[in-house]
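Take a look at this single chain, the form predicted on its own, given in structure tokens.
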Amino acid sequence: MDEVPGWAAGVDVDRPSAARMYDYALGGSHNFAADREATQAVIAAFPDGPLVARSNRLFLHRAVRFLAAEAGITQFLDLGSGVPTVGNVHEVAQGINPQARVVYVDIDPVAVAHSRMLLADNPQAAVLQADIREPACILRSSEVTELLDLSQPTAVLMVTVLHFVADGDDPAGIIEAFRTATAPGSYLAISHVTADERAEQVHGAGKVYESTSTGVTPRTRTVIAGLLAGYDLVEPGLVYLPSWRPDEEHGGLDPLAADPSRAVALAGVGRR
């Protein structure tokens, strides 16, 4: 049994968390026994799970590098940011432009607590504990209004978070709320689990997430593409994770590069 640290006071460590499961899949240490057991159950149903987690992280790095270096974006709103690990958004963006500003948003208290510790000495970054299903609360928060100027182009990141939003919670409406709140020239980056390939394994893994506070809703390519309405996709469009602008120079070869469909998640970046 894990010894619960002081910063986790009040956290239900007996109920697995999607953020902490992702941390464990990436080899992190900010997770508890329930998270590890649930992740192992996911891997039993879907053995490529840890490889997909790594592939997704590499996509995030490539997307942020594109946004900061090629698109000239200096503001990032990272929704569902998760537990901090190597290559966080502010590290990648500020490595390109030291003036880049980042606001992290996550519902998981462990992710938020660790983010706050990591960002204690970084005035260009902040973290907010909030629910992506409440865009208005996020957009009017002091963390967002004091650090970001949404009248200027901003990158909204929804990487591996939208499939945790059920259809009844209106994912398209959530995206639209952030789209209309940001200026023309802003960007949206997403990755999203799909059941277009290996549906039985995907749904088997999804069953495990029913024990968390955020179940999984895989969506088809057509539905995911529809979520990007109002954005012009940059090349190469909506593709499997390893196929979005592969770049071995930064981060190494994607573990699923030889067969991108094994990633069972689509990724894309669009410009408003």
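These figures come from a predicted structure and were not determined experimentally. Just count from 1 along the sequence shown to find any residue number.
There is also a form predicted in complex with a small molecule; it is not shown, and the following applies to it.
**Q** Please identify, from 80 to 88, 194 to 202, 141 to 149, 94 to 102, the stretch that has a heavy atom within 4.5 Å of the small molecule in the model of the complex.
**A** Answer to the contact question: 80 to 88.
**Q** Only one of 118, 73, 181, 107 has a non-hydrogen atom within 4.5 angstroms of the small molecule in the model of the complex; which is it?
**A** Of the candidates 118, 73, 181, 107, 107 is the one lying within 4.5 Å of the small molecule in the model of the complex.
**Q** Out of 155, 132, 190, 125, which one falls within 4.5 Å of the small molecule in the model of the complex, going by heavy atoms?
**A** Comparing distances to the small molecule in the model of the complex, the residue within 4.5 Å is 132.
**Q** Can we say 60, 160 and 214 each have a non-hydrogen atom within 4.5 Å of the small molecule in the model of the complex?
**A** Spot residues vs the small molecule: full contact, yes.
**Q** With the partner left out here, check for me: in the model of the complex, does some heavy atom of residue 264 sit within 4.5 Å of the small molecule?
**A** Heavy-atom contact with the small molecule at 4.5 Å: absent for residue 264.
**Q** Would you please decide whether residue 56 lies within 4.5 angstroms of the small molecule in the model of the complex, comparing each non-hydrogen atom pair?
**A** Because a heavy atom of residue 56 falls inside 4.5 Å of the small molecule in the model of the complex, the answer is yes.
**Q** Heavy atom to heavy atom, is residue 22 within 4.5 Å of the small molecule in the model of the complex?
**A** Yes.
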